[in-house]
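Consider the single chain below, provided in structure tokens and representing the form predicted on its own.
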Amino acid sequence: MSTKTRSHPPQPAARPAEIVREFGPFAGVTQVHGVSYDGTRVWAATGAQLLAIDPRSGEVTRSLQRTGDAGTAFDGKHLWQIAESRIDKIDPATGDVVASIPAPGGGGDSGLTWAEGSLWVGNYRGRRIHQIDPATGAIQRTIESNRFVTGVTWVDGELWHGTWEADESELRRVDLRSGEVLDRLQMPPGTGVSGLESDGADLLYCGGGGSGKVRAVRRPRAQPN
């Protein structure tokens, strides 16, 4: 059974996002559609292949010939990749697709992340985030946004998502229950976000869309109430 929550104004003032590092552009890559992090490597979906990037050197250390036109996630063992209207579960050791489930947006999906046994999927033009069952793709919960959703990630119990609209992008922390916007980090003008993933600490990796880059943004720690 799905539940739906709505975001409520007013929103906090946006702060400038602190970009601490850029990776790429990479040879032959014209788009980054999704990003994830497996604990040691940043993964970037570039259309025809998934690239593994060493965040220390910025070098590509591996590639998998797998289609990826939107979000990427890592569940601790497998990669999950949106490919048009489906989500593929991929063995990163072999590159084999071991399972596939339908994507909730049927091709209108954007970001993807894994948290506590569920996949969380951004719906770009629907301005929504869905929590789905990774075994069936069934929607379990929906959170609404007032901006296009271009990436989603969880860290320390916080839900963040990326936006990209009217040539402006933000990283937003939202309340899981109400959808209320709790924090806003504004990317520099013309710097879009196409995919979002935390490193589990202080960085948020952001796909850079047509720049062919991946950017690392410093995550501010939530202030105690």
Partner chain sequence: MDALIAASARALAAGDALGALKRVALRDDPPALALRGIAMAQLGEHARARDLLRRAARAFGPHEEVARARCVLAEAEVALAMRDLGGPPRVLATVSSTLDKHGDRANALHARLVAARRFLLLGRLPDAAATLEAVDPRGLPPALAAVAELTAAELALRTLRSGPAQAALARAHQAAYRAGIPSLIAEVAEARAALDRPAARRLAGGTAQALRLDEIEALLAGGALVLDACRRGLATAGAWQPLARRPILFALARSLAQAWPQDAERDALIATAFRTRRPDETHRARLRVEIGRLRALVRDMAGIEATPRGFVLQPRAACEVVVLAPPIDGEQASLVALLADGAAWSTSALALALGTSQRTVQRAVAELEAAGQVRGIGQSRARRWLAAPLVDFTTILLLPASLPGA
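Residue numbers count along the first chain shown, from 1. Computed from a predicted model, the values in this text were never measured in an experiment.
Another form exists, predicted together with its partner chain; not displayed. Remarks below refer to it.
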Is there a heavy atom of Q186 no more than 4.5 Å from a heavy atom of its partner chain in the model of the complex? no
Answer for S85 alone: is it within 4.5 Å of its partner chain in the model of the complex, judged on heavy atom distances? yes
Although the partner isn't part of this model, could you tell me whether E165 comes within 4.5 Å of its partner chain in the model of the complex, counting any heavy atom of the residue? yes
Would you please decide whether P102 lies within 4.5 angstroms of its partner chain in the model of the complex, comparing each non-hydrogen atom pair? no
Of these, L50, L171, V42, A70, which has a heavy atom no more than 4.5 Å from its partner chain in the model of the complex? A70
Candidate spot P55, T153 and G157, all three touching its partner chain in the model of the complex (heavy atom, 4.5 Å): no
Go through 31-39, 56-64, 174-182, 196-204 and give me the stretch that gets within 4.5 Å of its partner chain in the model of the complex, heavy atoms only. 31-39
Going by heavy atoms, what in 107-123 lies within 4.5 angstroms of its partner chain in the model of the complex? G107, G108, D109, S110
